[in-house]
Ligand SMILES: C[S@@+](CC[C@H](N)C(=O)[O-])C[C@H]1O[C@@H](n2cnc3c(N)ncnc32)[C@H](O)[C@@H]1O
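Here you get one chain, nothing else, as structure tokens; it is the form predicted on its own.
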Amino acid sequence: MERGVVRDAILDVMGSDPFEPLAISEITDRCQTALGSAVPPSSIRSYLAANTPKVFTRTANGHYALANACDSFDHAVIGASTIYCADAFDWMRLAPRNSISAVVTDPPYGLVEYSEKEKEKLRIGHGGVWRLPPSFDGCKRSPLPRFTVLTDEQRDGLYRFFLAWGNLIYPILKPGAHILMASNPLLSHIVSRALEDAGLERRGEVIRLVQTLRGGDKPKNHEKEYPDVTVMPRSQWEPWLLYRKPCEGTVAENLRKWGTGGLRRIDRDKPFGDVIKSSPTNAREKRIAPHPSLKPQSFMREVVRAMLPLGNGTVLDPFAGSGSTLAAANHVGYESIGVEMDRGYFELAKNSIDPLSRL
């Protein structure tokens, strides 16, 4: 059988469902069905091996997808950033192994608050799991997700979500790649356990010092009865979990091979620190990118810069929102990829990444 016939059959099989990596045995069976004759598995394996990574990407042991399969998702290129409109899980299944140098992301902590039902309540101002706090000193406060209302089942779902996420992100990270993930004091222990169970190494936390006006409230509807009581502490910090895929050998050996394993210093005399003074996102940035979890560019630029120790590689934000991570990466001169499943926020990010990066 001519080699070109086998090649065309493989490409037809892989292209029929570009979102689903296939095992060599599945590819062989479908090629044999399409050609109406026996195709030696060795021919399939040889062609796949000879054309990886140019045409195909090896997504797992014995599993392949088209190398440009991620481009099957709707996407846009803004500067050195590419943002995809896709479910992060679907995108990660197709992404090439050992291709991501760092992850900086602010995921949906409780998952519930970003369901279609709860997002619709937020958009019409009807609350739901989102708490719509009263104005403070004449300032309108942003909606806040009420994580205290999550049930045991929802908390268990949070663990399963991030365990599955960790298992998918692990193979596409370069050895030594860091993950910096925004979290919440009420839920960070659940997310941490999931990431550790996925095989990632805990490397500490980065504390964002910020007066958010969360907490500090008196008992609801009984403020006069208990004027000296606070239900929860006034929040003055935000934890960002820091994890790393294990290095190959020493950090120096890993840096030499992969360009990852450490964090970029602020300068030769000053290392990157784990406490960063910050402010709430200013009104100008909110006008550009009105997303309920928008983080300020001053903070994002500092942490994004630190994630590539040699200043080279690709930063991924799998929960891109309105694109603040990508805007920060553009500003500091890094290549980046964002994935956002909500069509509205994807369209918002396309229009906000460039103006945010220019601030």
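Start at 1 with the first residue shown and count on from there. Here the structure is a predicted model, which is why all the values come from computation and not from measurement.
There is another form of this protein, the form predicted together with the ligand, and it is not shown here; the text below is about that form.
Mapping the unseen interface onto this chain, Tyr170 falls outside it, with no heavy atom inside 4.5 Å of the ligand in the predicted complex. Contact check for Asp217: no non-hydrogen atom falls within 4.5 Å of the ligand in the predicted complex. Contact check for Glu238: no non-hydrogen atom falls within 4.5 Å of the ligand in the predicted complex. In the predicted complex, no heavy atom of Asn51 sits within 4.5 Å of the ligand. The chain is drawn here without the ligand; in the predicted complex, the stretch among 260 to 268, 221 to 229, 199 to 207, 84 to 92 whose residues come within 4.5 Å of it by any heavy atom is 84 to 92. In summary, among the residues Ser43, Ser298, Gln32, Ser293, the only one with a non-hydrogen atom within 4.5 Å of the ligand in the predicted complex is Ser293. Using a 4.5 Å cut-off on any heavy atom, the residues of 322 to 354 that reach the ligand in the predicted complex are, in sequence order, Ser322, Gly323, Ser324, Val339, Glu340, Met341, Asp342, Tyr345.
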